[in-house]
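Take a look at the structure tokens below, where one protein chain is shown in two forms, each on its own, as structure 1 and structure 2.
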Structure 1
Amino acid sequence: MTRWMLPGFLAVGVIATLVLIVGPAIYAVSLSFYDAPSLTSEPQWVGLAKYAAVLQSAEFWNALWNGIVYAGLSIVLQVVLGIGFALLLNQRFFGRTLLRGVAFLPYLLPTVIAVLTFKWMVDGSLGIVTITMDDLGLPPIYWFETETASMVSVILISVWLWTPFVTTTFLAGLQTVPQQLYEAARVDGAGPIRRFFHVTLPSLRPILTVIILLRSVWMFNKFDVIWLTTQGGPLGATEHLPVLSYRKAFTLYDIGSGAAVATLSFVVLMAVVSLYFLLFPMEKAK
């Protein structure tokens, strides 16, 4: 590599970052200070009026709470199930390699296919879940008609889709735990539960920290599952900030309010991530 190539690569990277990331982000934030019924109309400067209106609206706080519930419960279930499946797939048994591949399949599914499959499974007349519950004498569940069931539905779809990613990450982490630690714990008389809490879990702590951080950002910004499933309904029960921002900008044609909601969502997420790094700082490599 010649001397002039390194500055050239750096310049290309900086320009690409400015054009593809920084520029659109600044433009999106600037839209929140204008009143514009569309992206092609002449915007009118309104200052912080859009922010004041958004912060005084009940739908913003409802969407923020829904986002916290959706992201929080999804992450807890993904992490618990991911660790459980990783521990299972880390054992030696016949067909382990095949089962590891099958367990990763849901992560490869397009989101729209996963949503349509879930809707078909819980269909009121033909769904296999509905028929099974009826055969067991259980009362029907109106998955998309009631507020609680709708939130449960989008959480279940999200857990189904992204638990394989968490499982694979923890499984890779388990491969790095020194077996001598388990042998020493056995010599000290530690059972499976004590070995998990005193050996496995501390060894997975760096991975757990990164997984929770990444899943928090991804789930808080996740748009496709909720939009394809409920579009935020019924009665706003599953509408979180990304859906609210989209609805205001592209359904109600209030570009400024949509941009204000997106900017406030970014600020909330930045505050949470900063607090997370403060509470759980990344360990320095030794």
Structure 2
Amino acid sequence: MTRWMLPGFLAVGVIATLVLIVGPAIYAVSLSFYDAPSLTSEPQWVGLAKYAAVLQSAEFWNALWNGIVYAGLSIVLQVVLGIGFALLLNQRFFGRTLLRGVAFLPYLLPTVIAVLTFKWMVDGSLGIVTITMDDLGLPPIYWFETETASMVSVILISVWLWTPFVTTTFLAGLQTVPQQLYEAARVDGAGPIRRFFHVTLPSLRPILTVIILLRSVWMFNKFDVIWLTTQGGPLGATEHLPVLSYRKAFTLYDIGSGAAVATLSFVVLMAVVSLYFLLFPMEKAK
């Protein structure tokens, strides 16, 4: 390796980061200080007026709360179910490899396909779920017809789509837990529940920390599921900050407000991630 290679690689990385991430981010933030009714109109400098308007609007706080509810409940369910499935798939039984593959399937599906398929399955007239329930004499489920039902539906879809990722990660973690720890726990008389809380969970702690962090960021920024199912409705019940930002920028063509919402969303996420690192610091490599 020549002495120029390391600085060269670093320079490429820095330039790529500047061009692809820092530059667009600065541009997006700068848009929030302007008023422009379309992408082609002459923008007018308005300073912090867009932020003031956004922060004073009920829809921003509603969207922030919805984002916390959506991300929070989705992550809790994904983690609980992910650990449960991982423990199950870590047992020795016939067809385990096949089941592991099947369990991972939803994660392989493109979100748009999964969501649209779900919507058609529960369609009020022609959905296979609706027809089956009707055949069984059961009343129809109004999946997206009320504010609460819509939030529950988008959370369930998200859990179905992304629990396999959590399962697979925990499964990989479980396979690194030394068996001697379990044997020692058994010798000490620990049952399955105590073994889980005193051996398994502490061993998975580093993975748990990373998983919760990653999924928090992903779910808080998750746009596709909500946009494809409810577009934030009904009456803003599932509208979170990414949807609000998109709606303002690209349907109402208030580019400045859209950028202000996106910037505020970034700030909120940064604050949450910083707090998280403060409370749960990553372990240093020994």
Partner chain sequence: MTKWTSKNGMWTRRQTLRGVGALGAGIALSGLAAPALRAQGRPIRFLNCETGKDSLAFFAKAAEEYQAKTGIEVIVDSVPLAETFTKITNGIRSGQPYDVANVGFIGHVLLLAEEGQIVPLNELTDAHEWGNNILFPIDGKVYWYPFDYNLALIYYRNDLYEENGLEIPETWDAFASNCEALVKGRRKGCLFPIGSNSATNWMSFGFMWAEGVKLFDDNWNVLLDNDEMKPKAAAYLDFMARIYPTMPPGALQASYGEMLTNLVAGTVAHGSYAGRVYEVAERDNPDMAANLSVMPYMDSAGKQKAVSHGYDGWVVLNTDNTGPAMEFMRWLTTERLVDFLHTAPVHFQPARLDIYDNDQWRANPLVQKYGDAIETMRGLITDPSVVLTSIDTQGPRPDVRPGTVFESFALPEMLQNKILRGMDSGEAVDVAAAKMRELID
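Rigid core here is just the name for the largest C-alpha set that superposes within 1.5 Å across the two forms. Numbers given to residues start at 1 and step along the sequence of structure 1. Just so we're clear, the structure is a prediction, and the values are computed from it rather than from any experiment.
Peer 1: Can you tell me whether structure 1 or structure 2 is the form predicted together with its partner chain?
Peer 2: The chain shown second - structure 2 - is the form that fits the description.
Peer 1: Once both forms sit on the same rigid core, is the C-alpha displacement of V115 at or above 2 Å between the two structures?
Peer 2: No; that C-alpha moves by less than 2 Å between the two structures.
Peer 1: For I141, state whether the C-alpha moves by 2 Å or more between the two structures after rigid core superposition.
Peer 2: Passes the 2 Å threshold, so yes.
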